[in-house]
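For reference, the chain that follows is the form predicted on its own, supplied as structure tokens.
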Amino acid sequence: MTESPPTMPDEATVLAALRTVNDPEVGMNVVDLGLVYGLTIEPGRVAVDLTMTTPACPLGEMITDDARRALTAVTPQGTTVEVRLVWEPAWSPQRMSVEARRRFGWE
């Protein structure tokens, strides 16, 4: 059993945790793909708004479950972790990091 961290994570820690969550269809993490739309960190609660590259993505539930596990690992025990799927605005490749766009030949 691993111990939970004693204090609430900062934004950099939360984003680092989300960088461990990959979209297996493209083999890249959700942060560099630009799928993270919002992040709230407050005492006792971390909430992330996450989108998929398309509403028809068959892996949405798996990716949100992976994100929830990654966030739980960096938050104190008892913290409410919310991962919400959102669809507005629609995702586009312009949301990707420069590195991601280069990898896919869009930069």
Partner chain sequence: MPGRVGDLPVALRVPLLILGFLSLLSGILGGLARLGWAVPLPSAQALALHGPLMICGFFGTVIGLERAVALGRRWAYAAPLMSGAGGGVLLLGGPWQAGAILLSGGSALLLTATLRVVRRQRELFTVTLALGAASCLLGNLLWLGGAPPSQVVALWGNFLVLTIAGERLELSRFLPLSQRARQVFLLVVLLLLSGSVAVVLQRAELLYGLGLLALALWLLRQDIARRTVREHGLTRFIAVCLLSGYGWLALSGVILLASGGLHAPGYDAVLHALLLGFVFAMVFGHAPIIFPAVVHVRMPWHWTFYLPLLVLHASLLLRLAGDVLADTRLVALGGVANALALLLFILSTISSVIRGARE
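Given the structure is predicted, the values throughout are model-derived calculations rather than measurements. Numbering follows the first chain given and starts at 1.
Not on display, but discussed next: the form predicted in complex with the partner chain.
Check your understanding: Using heavy atoms and a 4.5 Å limit, would one call Pro6 a contact residue for the partner chain in the model of the complex?
Key -> Pro6 lies outside the contact set for the partner chain.
Practice item. Find out whether any non-hydrogen atom of Pro55 is located within 4.5 angstroms of the partner chain in the model of the complex, and reply yes or no. Key: Although the partner chain is absent here, Pro55 would touch it in the model of the complex, with heavy atoms inside 4.5 Å.
Exercise for review: Consider Ala73 of the chain shown here, and say whether it contacts the partner chain in the model of the complex, taking contact as heavy atoms within 4.5 Å.
Suggested key: Heavy-atom contact with the partner chain at 4.5 Å: absent for Ala73.
Point to revise | 4.5 angstroms heavy atom contact with the partner chain in the model of the complex for Met96 | key: Within the cut-off, so yes.
Point to revise | in the model of the complex, residues of 89-107 near the partner chain [heavy atom within 4.5 Å] | key: Heavy-atom contacts within 4.5 Å come from Trp91, Pro93, Met96, Arg103, Phe104, Gly105, Trp106.
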